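Next comes just one chain, in structure tokens: the form predicted on its own.
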């Protein structure tokens, strides 16, 4: 069985409060509806959103009438054609994804590992696209999957490119939840590691989010040094071993630099990833 990598986690620590407004409730249900492992049972959607079942059912009925949800047997629901169409339109219009995809394909060919592009949503990284190799060991990252910034290579990469006060605010001051025995739980320790990430140009997730999984990532910067996302590779620790990090890290950094240059209007050839910048 393939081992999930950076599997989806809620961008909220707790379900939304019942006092949220109608738009917040609708957005919470839509957010739950597009999570992996669809179709979703009504009870699961209610548990994920923290809303009463009657409220979730009423919203799902409205979404189904408008084509944003599709009901199935047994009271299950999944994203409908209009919602999928909106997602496809947004993805097609994204300059970041259009520029990143050929670079990811090239990075995957050169490294032999799954290459992906993620963006930041608050304190989580959201995986939006990937290039996956043919391999016995599959790394099932899915579009829309989320992972906290504090325990992921893409998260550390994006944090390193933010001003220190902004990174500190995102990490907070309380001990961070452990995802594995190797998760760095002290926000101060994460902050202390970011200058090294910044100087080196890439971050390494050494089983911080998933046991037996290692990742390397580098930030993608747009005009004005805006953090547009991060390019990364993911592999099992016995294939993406510690010795290979020193070789593959600069390749990931160069890939992110290629996307950054293109976003800034540079002329660097997309899809050509060099080991050194």
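Values in this document were obtained by computation on a predicted structure and should not be read as measured data. Positions refer to the first chain, counted from 1. In this text, the rigid core denotes the largest set of C-alpha atoms whose superposition between the two forms falls within 1.5 Å.
Below: the form predicted together with the DNA, not depicted.
Stretch-level contact check against the DNA in the model of the complex with heavy atoms at 4.5 Å: of 49-57, 235-243, 206-214, 221-229, the positive one is 49-57. At the 4.5 Å threshold, heavy atoms of residue 34 stay clear of the DNA in the model of the complex, well away from it. Proximity of residue 43 to the DNA in the model of the complex: non-hydrogen atoms within 4.5 Å are present. Contact check for residue 150: every heavy atom lies farther than 4.5 Å from the DNA in the model of the complex.
Looking at residue 265, you'd find every heavy atom of it more than 4.5 angstroms from the DNA in the model of the complex. The single contact residue among 177, 172, 195, 75, judged by any heavy atom lying within 4.5 Å of the DNA in the model of the complex, is 75.
The Cα position of residue 56 differs by 2 Å or more between the shown form and the other one after fitting on the rigid core.
In the core-superposed comparison between the shown form and the other one, the C-alpha atom of residue 209 has shifted by less than 2 angstroms.
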